[in-house]
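Okay, so here's just one chain, in structure tokens, the form predicted alone.
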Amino acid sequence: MSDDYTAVDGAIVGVLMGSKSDWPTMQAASEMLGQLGIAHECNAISAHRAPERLADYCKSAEQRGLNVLICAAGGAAHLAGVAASLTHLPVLGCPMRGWSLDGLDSLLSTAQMPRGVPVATFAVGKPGAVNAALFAAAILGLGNETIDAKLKAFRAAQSAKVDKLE
């Protein structure tokens, strides 16, 4: 295993960013995973500037205990798509607001995957990061009663906060 990324013992979700500048957004995914008690690791690995490091990370992900990858990149960069081509694990794509088109370029490049290489695509920015973490929890909860219960409790608490118009 390469020393070029941080592997966390017990992590079951890998959160990847194309660059450190994505952290202010993807921190929301990390916080949601933490709130749900889901062990995860966070790394910045560019698909374009460090392709060998990304290949090593993705190809070793399952062996290291990861079950889901959440990938974020801005512009027309396609970290999620490259990751999906390197692993059969579920890949959740989080488009970032970039330097042009306010994230539309990221959204389209993440959503428009070719047939046979799926990436689940979420909203641009922090809402997408949080929803990707919740979706990862839903996937993991299918086989883990503890995660399932925490996700259901989160959803119930969220619903309870909604004002009723009665």
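Numbering starts at 1 and runs along the sequence shown. Source: prediction; values computed, not measured.
Keep in mind that the form predicted together with 5-O-phosphono-beta-D-ribofuranose is not shown, yet the notes after this line are about it.
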Taking 5-O-phosphono-beta-D-ribofuranose as it sits in the predicted bound form, is residue 83 in contact with it (heavy atom to heavy atom, 4.5 Å or less)?
no
Using heavy atoms and a 4.5 Å limit, would one call residue 73 a contact residue for 5-O-phosphono-beta-D-ribofuranose in the predicted bound form?
yes
Is residue 14 one of the residues lying within 4.5 Å of 5-O-phosphono-beta-D-ribofuranose in the predicted bound form, judged by heavy atom distances?
no
Residue contact check: residue 59 to 5-O-phosphono-beta-D-ribofuranose in the predicted bound form, 4.5 Å heavy atom:
no
Only one of 117-125, 28-36, 132-140, 47-55 has residues with a heavy atom within 4.5 Å of 5-O-phosphono-beta-D-ribofuranose in the predicted bound form, and that stretch is 47-55
Applying a 4.5 angstroms cut-off on non-hydrogen atoms, the residues of 12-36 near 5-O-phosphono-beta-D-ribofuranose in the predicted bound form are 18, 19, 21, 22
